[in-house]
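The chain below stands alone, shown as structure tokens; this is the form predicted alone.
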């Protein structure tokens, strides 16, 4: 399975052949995204800024005012926190920039808290004219980048990317998958309850939790929400109409992530009547350790999730 990072760079190269209107800026993290492949082919369209996120984002703002589309790469925790003032100021100009939020979420956790990005969604979602995405796999990475580069997407975009391969037990997207802006994709079909999540880490844990629940005759429907802060009202109304229990799983802090944004949207549009809602996310600073250790510590592994879901149903 091709990782989302390899897919992103391969997609950049493919689009660059026809689209002459974008340039790539990097903050000394090109190795992690394998951007050398792009810079070797298009050296005049690649700018290495070094470890200077704020300067890089300010440079991107000037480039965007010239009519080009800057694609700005750094780790999500550095890009969205250090450069938040510059990102905001750029957004006020009405020009379009694509921010690549690499190393998004809690996994891998070996580098520790400074690198685990669990507040970037909340840092960006309050900026007008901004859309946040997280592709689940390589195919969705291509489609989301295509959407962000397209003429119909007028907003600034942030694309959260996981580092590393997807877990071996990751479910596949449907064979007839098609990216639709503001809509999710059904991973498993269920009749008892539904969970909304995103990204390879949490979708995999939700999938394994659904297998445990199935042994207890509980059928969980899993929806991959690759659009994290924009939702299609009519699609959501149809999707949840037969479910009483709605669950939300974030690879982000408990507050301010996709769950809060989606619940707020559902509430504002009067779609939560007679529904039972519960969200899952990180409630403290992220732990450092292996994939399994970190998720188990925060009770976000599949066993903990299935137990919490069962407990909620019993209530």
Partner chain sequence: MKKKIYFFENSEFNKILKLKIDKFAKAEILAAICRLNTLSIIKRAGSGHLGTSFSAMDLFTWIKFFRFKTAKAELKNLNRNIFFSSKGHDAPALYSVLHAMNIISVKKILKLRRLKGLDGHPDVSIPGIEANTGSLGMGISKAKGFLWAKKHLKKKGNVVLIVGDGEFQEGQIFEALQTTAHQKLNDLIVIMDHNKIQSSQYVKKIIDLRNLKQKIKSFGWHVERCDGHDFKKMDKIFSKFLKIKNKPKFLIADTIKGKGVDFMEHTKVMKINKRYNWHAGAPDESNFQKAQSILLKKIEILQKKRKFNKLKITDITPKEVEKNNVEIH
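This structure is a prediction, so every number in the text was calculated from the model and none was measured. Residue numbers count along the first chain shown, from 1.
One more form of this protein, predicted in complex with the partner chain, exists but is not displayed; see below.
Shown without its partner, this chain lists 152, 92, 234, 169 as candidates; in the predicted bound form, only 92 has a non-hydrogen atom within 4.5 angstroms of the partner chain.
Distance criterion of 4.5 Å from any heavy atom to the partner chain in the predicted bound form singles out 47 from the list 276, 29, 47, 288. Among heavy atoms of residue 65, some come within 4.5 Å of the partner chain in the predicted bound form. In the predicted bound form, no heavy atom of residue 271 sits within 4.5 Å of the partner chain. At a distance threshold of 4.5 angstroms between non-hydrogen atoms, residue 59 is in contact with the partner chain in the predicted bound form. Although the partner is absent here, residue 294 sits far enough away that none of its heavy atoms falls within 4.5 Å of the partner chain in the predicted bound form.
Heavy atoms within 4.5 Å of the partner chain in the predicted bound form are found in exactly one of 204 to 212, 153 to 161, 132 to 140, 84 to 92, that being 84 to 92. Taking the partner chain as positioned in the predicted bound form, none of the residues of 263 to 284 brings a heavy atom within 4.5 Å of it.
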